[in-house]
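Taking the form predicted on its own, here's one chain by itself in structure tokens.
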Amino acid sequence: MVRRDPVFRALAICLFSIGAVAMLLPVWYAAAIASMTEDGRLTLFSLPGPGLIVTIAGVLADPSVQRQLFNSLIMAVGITTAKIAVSLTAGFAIVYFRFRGRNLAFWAIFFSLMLPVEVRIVPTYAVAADPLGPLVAGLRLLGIEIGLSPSLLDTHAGLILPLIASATATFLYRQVFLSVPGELVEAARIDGAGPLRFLRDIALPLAAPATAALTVILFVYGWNQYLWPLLITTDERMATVVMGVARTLPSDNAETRWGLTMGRALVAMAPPVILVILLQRRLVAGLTDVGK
């Protein structure tokens, strides 16, 4: 029930306005700083000016930034696509297939929600550096020597593959599939629909709102990654745009070029913001429809 108390409404608008100002004020100042000349001074009432367009155009014309944007796009799209594919099939299997250890698998996935990337980053890096290491060690115990030593370091696969498992997305798809009426499942079974046909014709359309919401969330997650790309890449050509923003800050006592840094920051934040604006209705619908 929606409460229509005028005092409650005024309080809600006030809190919403404070939150909006808190979120938008840093972006406003970033635009104002990117508009200034090197000797300009930032004040409380500084406004973005024509210099902002010049700064953004200069950033976009930089070949290194174009390469970083390309790497970020590959990483974000790859993580989004792979996470949705893995989580969708995992949630579908947990709900509709009966096999030994099904509940154990679900609770293992659920508890992995408590393990962020930072906690498991060292073993993840070891696996990415030598993905066939356990296999080679096992064969060596059997007296078999093979010379394979592939590595995911400084590759797009290394940026994407270690991050494609998502407990949150799997849990979300599980809740979506649990909300499918049993009568619908039984009717599909009577019509002769197998698992793949049921997944394609019934489960996927019903999960479309959740998939749209996850697409936005996971794209932003992949685009904003900083620690993992910083760890797994040493080749400058594999740097992402978020890493590029950090690298504009001097590591010695040199003076910081804040206009350039803020210009790159605005360019880096633009794609996720545009995606959220374009898909905001699907994002809200997908998150609120889960479990209905």
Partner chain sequence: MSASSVSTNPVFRGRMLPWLLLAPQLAVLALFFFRPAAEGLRQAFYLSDPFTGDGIFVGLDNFRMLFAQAEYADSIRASLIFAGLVAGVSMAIAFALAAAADRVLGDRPGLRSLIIWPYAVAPAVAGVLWLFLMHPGFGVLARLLHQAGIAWNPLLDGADAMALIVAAAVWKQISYNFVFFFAAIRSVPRSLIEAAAIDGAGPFRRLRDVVWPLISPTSFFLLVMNLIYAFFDSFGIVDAITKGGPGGATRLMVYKAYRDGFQAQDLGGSAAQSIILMALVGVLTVIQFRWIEKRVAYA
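None of the values given here were measured: they were computed from a predicted structure. Numbering follows the first chain given and starts at 1. Throughout, rigid core stands for the largest set of C-alpha atoms superposing within 1.5 Å between the two forms.
One more form of this protein, predicted in complex with its partner chain, exists but is not displayed; see below.
For its partner chain in the predicted bound form, the listed stretch (183 to 191, 70 to 78, 137 to 145, 204 to 212) containing residues with heavy atoms inside 4.5 Å is 183 to 191. Although the partner is absent here, Leu42 lies within 4.5 Å of its partner chain in the predicted bound form, judged by heavy atoms. At the 4.5 Å threshold, heavy atoms of Pro63 stay clear of its partner chain in the predicted bound form, well away from it. Although the partner is absent here, Arg200 lies well away from its partner chain in the predicted bound form, with no heavy atom inside 4.5 Å. In the predicted bound form, its partner chain sits within 4.5 Å of a heavy atom of Ala246. Counting a residue when any of its non-hydrogen atoms is within 4.5 Å of its partner chain in the predicted bound form, the hits in 81 to 106 run Val86, Ser87, Thr89, Ala90, Phe92, Ala93, Ile94, Val95, Tyr96, Phe97, Arg98, Phe99, Arg100, Gly101, Ala105.
With the core held fixed between this form and the one not shown, Met269 has its Cα displaced by under 2 Å. Core-superposed comparison between this form and the one not shown: the Cα of Arg197 travels less than 2 Å. With the core held fixed between this form and the one not shown, His156 has its Cα displaced by under 2 Å.
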